[in-house]
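Quick setup: one chain, the form predicted alone, written in structure tokens, and binding and motion questions come after.
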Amino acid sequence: MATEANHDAGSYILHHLTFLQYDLQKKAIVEGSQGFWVINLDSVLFSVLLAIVFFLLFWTAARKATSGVPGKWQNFIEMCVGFVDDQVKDAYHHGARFVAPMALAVFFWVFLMNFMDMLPVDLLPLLAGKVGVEHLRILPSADPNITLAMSLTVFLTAFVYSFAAKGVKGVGAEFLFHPFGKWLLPVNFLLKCVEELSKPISQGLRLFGNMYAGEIIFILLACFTLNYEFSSVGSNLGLLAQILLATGWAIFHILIITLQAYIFMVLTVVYMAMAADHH
């Protein structure tokens, strides 16, 4: 909830949209820098922490798995693994065994990152402020650096795998002879490059755009309680309005964060299938 006094809506929103950054050249914490050698520390930190959480959750389930009657947690994990495996079987019809684990990791990692948006807007930034951290953005998937890095990783994995599946000759033929044949080699090459480069851009920006919009809505809802005195009637009404609106949006938003993780996973599997398909 927003409880910060003496802040207008503009500065409040700007505060919540500012990353905790580190400039590698200056070797110092910076604010609002746009340089190439600047790292968004909060995005990297939460991405790594959530990856560790994903690993520990599934590792614990695997360690405690039993062939007898499964517990609730094992049953949930098996249901999730079966769901992802079914999606991979529907879209990917080749022999690579790493595609299903890759899809599983992508889905749950993206979901956990998206789920950070369900936490109260001021909770972690307020705790960070207690230890001297002025800015903290807790939603990694609202950072285009994170989403584009993930989509580029998927793209490079699929691109390298295409050479393993089709060989240099097969990949070269797709770039040079598809779709117009040998008489329009430059056109074929240009269209293929545009097609390939559009994959990571669209995959990364789709996730970023949806999660950034959801983050903005939560921040705007939190603005209802700015500069209110909590002993006043107006403050209580504003707080009640924020709780009701934020709860309604959170119920709807849980569908969005799940859907975006699912779409990112499906696109990953589709791109891997396209990399293995022979034309």
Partner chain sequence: MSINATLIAQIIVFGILVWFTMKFIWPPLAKAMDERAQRIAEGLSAAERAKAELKDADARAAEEIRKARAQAAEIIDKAQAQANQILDKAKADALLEAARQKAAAQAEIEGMIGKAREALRGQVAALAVQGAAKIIEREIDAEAHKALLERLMAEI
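Numbering follows the first chain given and starts at 1. Every value quoted in this text rests on a predicted model; they were computed, and no experiment measured them.
Not on display, but discussed next: the form predicted together with its partner chain.
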Can all three of A9, I29 and A128 be found with a heavy atom no more than 4.5 Å from its partner chain in the model of the complex?
no
Please check if R137 has a heavy atom lying within 4.5 Å of any heavy atom of its partner chain in the model of the complex.
yes
Is it the case that F163, even though its partner is missing from this view, gets within 4.5 Å of its partner chain in the model of the complex, heavy atoms only?
no
4.5 angstroms heavy atom contact with its partner chain in the model of the complex for L24
yes
Non-hydrogen atom contact W37 with its partner chain in the model of the complex at 4.5 angstroms
yes
Considering its partner chain in the model of the complex, find the one stretch among 192 to 200, 117 to 125, 94 to 102, 174 to 182 with heavy atoms no farther than 4.5 Å from it.
94 to 102
Contacts from 50 to 75 to its partner chain in the model of the complex (any heavy atom within 4.5 Å), listed N to C, are A51, F54, F55, F58, W59, A61, A62, A65, T66, S67, G68, P70, Q74
